[in-house]
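Here you get one chain, nothing else, as structure tokens; it is the form predicted alone.
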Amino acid sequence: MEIEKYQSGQDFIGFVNNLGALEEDVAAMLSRQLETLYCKKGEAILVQGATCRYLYYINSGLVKTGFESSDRTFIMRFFAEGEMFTVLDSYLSQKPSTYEVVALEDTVITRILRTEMDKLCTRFHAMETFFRKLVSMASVNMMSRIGEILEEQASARYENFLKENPELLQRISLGDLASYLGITQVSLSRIRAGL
């Protein structure tokens, strides 16, 4: 994984501006705290058991968050370019993560260290507003994902995935899609054959 200071961070800053408008001086201070990661396909951005210390923005590429146990793999979410993510429970509690984050393609990510984000949120209302809105969005998305897993049939989850993420279908493996849906690849093949 290559890391460097990101010169402009315009994509990251643009995302922040969409949730809480930044004044130029705040955007400049934020920009100075950003780093860029260049991750190769298959590379771990966060390993299970490590503490998540960063908020990430995907400039290009695709990542998955999930966990592996001795008997199964579960994928919680996929994040593609233009999206911001973190492993929220580990990031907020600063405790080891049960999830891992892995690049599914060669991926470019801009990130900010949690301690630097906290300083900006304390100092600038617009940053605090942005972070509050981001955490609210993440919480709503998490509850929606949990509800989907608990309440819907696998075929309905597959149809929802097709409707909400058609652009990802060509970018992820059938094994990862099955893990996301909480089913085996054999079951996924049956569902796909039945549509």
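Heads up: residue numbers just count along the shown sequence, starting at 1. Source: prediction; values computed, not measured.
The discussion below concerns the form predicted in complex with a further copy of the same chain, not included here.
When you look in the predicted complex, the only residue of A156, L169, V47, M143 with a non-hydrogen atom within 4.5 Å of a further copy of the same chain is M143. Exactly one of the stretches 63-71, 160-168, 50-58, 29-37 approaches a further copy of the same chain in the predicted complex with heavy atoms within 4.5 Å, and it is 63-71. Although the partner is absent here, G182 is a contact residue: one of its heavy atoms lies within 4.5 angstroms of a further copy of the same chain in the predicted complex.
In the predicted complex, Y99 approaches a further copy of the same chain with a heavy atom inside 4.5 Å. a further copy of the same chain in the predicted complex comes within 4.5 Å of no heavy atom belonging to K41. Interface membership of I75, defined by any non-hydrogen atom within 4.5 Å of a further copy of the same chain in the predicted complex, is confirmed.
In the predicted complex, no residue of the candidate spot (F79, I112 and T115) has a heavy atom lying within 4.5 Å of a further copy of the same chain. In the predicted complex, a further copy of the same chain lies within 4.5 angstroms of at least one heavy atom of each of the following residues of 145-161: R145, I146, G147, I149, L150, E151, in sequence order.
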